[in-house]
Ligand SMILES: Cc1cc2nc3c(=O)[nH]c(=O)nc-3n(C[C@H](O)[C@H](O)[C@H](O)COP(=O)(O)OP(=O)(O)OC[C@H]3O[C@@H](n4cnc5c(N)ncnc54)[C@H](O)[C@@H]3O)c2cc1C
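A lone chain, given as structure tokens: the form predicted on its own.
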């Protein structure tokens, strides 16, 4: 710290906070970033998760889906994002026969043949292509607005086919999937983008699943999820370098305890491990969840409004990729998103079980092998046949782990691996490497771990339910913070993280928009 008063103090050192700091420091403002942990990056970090093994895993956030290319160019980020050569593979068992639905990137004849083998005709593939072509027009309409002041719902809707607007925006997504597709597997593969980090039925009238679906398909107008070379930590490391080189001060081991707004600025208090510290500033940007921010502002914690996360994350290191019963090359099947137990009916059954308080008997989830796209994360293991593997489970709300966390974690891992083992020639555990202490290289993170490690309330990876990336018709848009979707109840405190109106996922959009609002105000 070089001073006692700053233009802007950013609370939290995640990727959005670093984006804000970089933009503001480049504009000549004095900026202080305060991070509770001993390292920057929040959820977007790379970690040597297993003792004695050099592989660095993207422990929490795992792909870049929404970060605009324009933002990366603005900040001169030295990050390379790589496309996965397989979009998805969905193993299935029908009539005693193992097969798999392959979606190539880019799609070709093998994709059409795979749909035909699953469904018996080309009809579902034609419906698939038609649906995603239409969704692409919505993504193309929304993506350019994400780094601009909020558009109105009316303006966005005016550029989109009314039938598509109904299917994605005004009616529960489940209705559209039933209308457009006949096969339960095809419906489920489409549906899963609506459920990443979101605990809901596909027929939920709140439409939270629809909003999640849109966010996962809108990035850069294509919705493609890409792998950052070097792991997720490469993204935040590059952001930190950019912010620091512009003059922002980045302080770790600084857990903020209070934000005290005044009419023209605020005081921010934190503890550095030795003593309490404090500075004043003209604006505070909050990268923490809105529920946590309210506590820092002096309000009482309200358990009834606390977000609830709903994901299981299992990180693994394998000696080799397992063989699949369908006979597909594992380097094809695991190169993209491998869908497990994600038929439409399975997704709805799992949601119903979890909503009733039970661990789903058949746990839906998906698997990623980032080392097939980026071998550099393996370190010295590259070229030995070893690979990283990540499982992301759906419909595992934090309530399932509240009473007996370890027993529930063990059960969830067993059911997650069972959903994969059903399609393998060999149990996945037989492929696991061991760490320096002889333990299998497998770690499981439940929502309570995400909350404990990252201070995300309830372990909710989006800091709460996502909102539509436009302004409702009657919303107030009088101040820069309101126009950019980053306002709070205080004029001097703005949201810059996933809790901003267009936050969520690894995008930097919340950080960019908060910075633009500050630059308009100061």
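Residue numbers count along the first chain shown, from 1. These numbers were taken from a predicted model, which means no experiment stands behind them.
Here the subject shifts to the form predicted together with this ligand, a form of this protein not shown in this document.
Remark: of stretches 483 to 491, 457 to 465, 23 to 31, 47 to 55, the one touching this ligand in the model of the complex is 457 to 465 (heavy atom within 4.5 Å).
In the model of the complex, no heavy atom of residue 471 sits within 4.5 Å of this ligand.
In the model of the complex, this ligand sits within 4.5 Å of a heavy atom of residue 37. At a distance threshold of 4.5 angstroms between non-hydrogen atoms, residue 313 is in contact with this ligand in the model of the complex. Under a 4.5 angstroms non-hydrogen atom cutoff, this ligand in the model of the complex has residue 506 among its neighbouring residues.
A single residue from the set 440, 265, 255, 427 has any heavy atom within 4.5 angstroms of this ligand in the model of the complex; that residue is 255.
Between the options 128, 225, 199, 401, the residue in contact with this ligand in the model of the complex by a heavy atom within 4.5 angstroms is 225. Residues from 1 to 27 that approach this ligand in the model of the complex with a non-hydrogen atom closer than or equal to 4.5 Å are 11, 12, 13, 14, 15, 16, 17, in the order they occur in the chain.
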